[in-house]
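Structure 1 and structure 2, given next as structure tokens, are two forms of the same protein chain, each shown alone.
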Structure 1
Amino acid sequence: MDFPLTVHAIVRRARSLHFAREVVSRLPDGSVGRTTYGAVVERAERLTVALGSIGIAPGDRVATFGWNHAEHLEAYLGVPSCGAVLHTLNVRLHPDELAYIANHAGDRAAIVDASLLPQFEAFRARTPIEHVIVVGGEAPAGMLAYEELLAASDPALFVEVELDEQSAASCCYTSGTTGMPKGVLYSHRCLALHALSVSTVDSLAVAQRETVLPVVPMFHVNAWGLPYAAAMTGAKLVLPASRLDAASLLELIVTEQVTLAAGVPTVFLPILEALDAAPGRHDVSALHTVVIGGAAAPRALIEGFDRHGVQVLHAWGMTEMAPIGTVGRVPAELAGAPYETQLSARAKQGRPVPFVEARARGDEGLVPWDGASYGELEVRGASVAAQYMGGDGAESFTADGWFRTGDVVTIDPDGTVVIQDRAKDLIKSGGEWISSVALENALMGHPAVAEAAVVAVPHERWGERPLAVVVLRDGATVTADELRAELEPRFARWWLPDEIVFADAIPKTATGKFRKTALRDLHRRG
């Protein structure tokens, strides 16, 4: 049969099979709220009807600006169900970036957490957003209250609009190496196949018996596909809202008996510290797996969770891939291998998930899968973007239809991918991108600065942090503090370089570009 792979199919499954399974959310007062997939689906259908009643039509963009909670799940299901495109805005971005992104996407409506209204108001006036729907609180004048909107909408009016599985269901923006963020659209088919693929046993193994805690925000690439996979399989879902500190997360893990949690290394390092500090104090016996991705999982983190009987599963992915690309399971051939050997295998990024293919290209063409030859990773597959929105970044796609990831890798003979370096000029701090080029341009805009290069330096807690190297103009003087003050109003606080150092010159390539590898080497050598 020609059975369309759409969010409708996931919603129908959740309604008819998993209606009694729980969805638990952390509430603003710190308590937890409980609902079920049955109730979530009913409310998602009301949302679909309500969006139609305010004039949202198929193809329109509906933004969300919120943390992980049941209402966000309702938007994940209800927005694509009316043929509109769910656009998850990243609440950690600077207002200027958010204004650009909401304009570029052409967002017509936004569903906003009441607690985030001040941040939302900082860019809303510069966007085409006509309707603002407020979740979890009163709606100020001119905005709509989510609960009132749902109460007033008649679920009997819900009809499953016919959807082409190739039409867009959601979208997300990723940091541009130069210039502004780039948009990626996910089709219904992509989301459905991705949910199926992350539920396979060799992938993340999301299943009905699991209790899944996506610590990864729902504004990061479909929360790694976990909300759709959980609704499809009937896994109990636990959503932490904005409380991402170790104590709050551990409390949820223990009381809700979480079995599978997922997020960037930065959130799980403090959890490991808390477990190590008081062994036996937190009963994490239900938790069997923590999926770590977004940045490399440090070996010590994998070893550390092993001590508490929790398996770290290392995954690599990208916004352009919906996002899961590879998962680091120990291959069957190493099943009986010593612990250290298995540990080394698990620290790698792993093998491609179903319907994703990988290869690597060096200066002289595709490199052999010998575990030693470096090349830029190229991918293609059912959940890989064919282009960026609006034709941006066309150079990221090869003539024969592969996507160039900007990650430098080796590939083992069995297809295991190991990320060795990054070709793209970006810094990833705590799972969020910082554009070195944007910081450099701002620094070089200062009259005392002749040249400025910003590089990523390793950081125990955040993975990477920006370091700025500045060359002053002849005779000019300026202090690091003065330069930081110059950057402050223009960038999010966490973008500001931890250190600004002054140098006589910045090493350059033959073509005159900053040799950032040389700067990173200098830093490594102190």
Structure 2
Amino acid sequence: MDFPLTVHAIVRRARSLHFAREVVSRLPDGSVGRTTYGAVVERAERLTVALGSIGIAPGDRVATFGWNHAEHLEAYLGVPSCGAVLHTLNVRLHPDELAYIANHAGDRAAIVDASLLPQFEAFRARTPIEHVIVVGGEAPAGMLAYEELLAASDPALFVEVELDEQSAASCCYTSGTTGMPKGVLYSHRCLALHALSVSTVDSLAVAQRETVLPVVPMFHVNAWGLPYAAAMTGAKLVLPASRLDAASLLELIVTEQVTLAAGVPTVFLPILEALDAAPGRHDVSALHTVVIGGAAAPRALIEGFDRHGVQVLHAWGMTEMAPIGTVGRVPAELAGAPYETQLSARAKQGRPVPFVEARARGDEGLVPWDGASYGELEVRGASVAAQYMGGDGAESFTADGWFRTGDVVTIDPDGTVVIQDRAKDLIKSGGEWISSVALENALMGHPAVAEAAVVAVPHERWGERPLAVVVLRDGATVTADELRAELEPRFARWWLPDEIVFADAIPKTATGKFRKTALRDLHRRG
């Protein structure tokens, strides 16, 4: 049967089946607000009516500039439901980048947190944005107050727009680490199938019985699809707003009995430190899974959460993939294997999720799935972009419909993908490849190390050599020689960093990844 796979199909399901399930949000004053999917959907439909009243038409871009809260969820559901395109702007970007992105997307309206208005005003004048709708506070002159706009909208006027599942529902922009940020449009079909895919048992297993805490921001690549998956399945949703420190997150995990949380490693490292520092103080017995993506989860982080009865589930993806691409579940054939064997499997990025296919290409063509041959990962699937907005970056897409990820991988015989490095971050020393990711994970396994980044620096004889930048935990001490000794049993001697330097912090991108370009530039200058 030709049944349209649309965001509004998810909305109808949330309204009819999950209307009483809770949506919890951290409020600006630090307290917790509670609502339900039924109320969220009713308000999302009011938002749809309101957008039409100010002239927003199907295909128009409506930006959001806000944190994780119920109003942002209303935009996730309400904007695509009227045929408009939801465009989540990353609040951590520079005003110049935001101005470029809003112009490139052609945003006509923006829904903005009151607390973020000063940041928004730093670039708004350089954009085509006509209407500004303010959430969580009074609207300055010339802007609209979100609550007043919704109150004036009659839900009886809501009409379900007939949507083509292939039409655009939302868009996000890449981080722009190489050149200007590139826009990625997601169709309704893409978002619906992605929500279904990440809800399967062998993927993220989002289900009605779960209480889901997306620490990953809603302004970052659809919050990994979790808001749509939670609304589709009826999972209780806990939204932390801007309070992403370990104490605030642990409070929500404990009080709301969170079972599934998701975010980047830099978020969960301090949470693990807090659990280790005061064993038994925080009751995290309900929390069974922490999904980590955005960067490789150090083996020590996986083992650390195991001590507290919490499973770390590795996931990998990209903006161009909506974003989940692989999930590192332990294969069925290893169900009875020793802990160390299972741990090694969990440290890998895993197998592609349903409706995603993967292959790797080396200098001589496609490489075998032997767990040893290096190649650039290429992917295709129902939630993988076919092109960038405006035709940018056409070289990233093959003639036969695959997306070139820029990640260098090996693929095991069973299809498990292991990210070895970003192509631009691999270190080529004396004609041989060195994985910066493997060295980083090993360094972060040392109890004194909080963070570690490894980059290539020029070398007269070998072309490039690895240099490690290390941030120590508070109060911890360790020498460069001691860290090198930690690495020696695990790696060939020529892999070992020529120099290990200590820093107060490692530069990061807006999404929490190490900004290795900045490190390379700094250390190449000495």
Ligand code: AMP
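The term rigid core refers to the most C-alpha atoms you can superpose between the two forms while keeping them within 1.5 Å. The first residue in the sequence of structure 1 is number 1, and each one after it adds one. Because the structure is predicted, anything quoted here is derived from the model rather than measured.
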Open item on the list: Two copies of the same chain, shown separately. Which of them is the form predicted alone?
Closed with: 2
Task: Rigid-body partner check between structure 1 and structure 2: W369, K428 - done: no
Open item on the list: Relative to the larger rigid part, the smaller one rotates by how many degrees between structure 1 and structure 2?
Closed with: 148
Task: Per-residue C-alpha deviation between structure 1 and structure 2 [P466; rigid core superposition; Å] - done: 13.6
- [ ] Just grab the Cα shift of V455 between structure 1 and structure 2 for me, core aligned, in angstrom.
- [x] 5.3
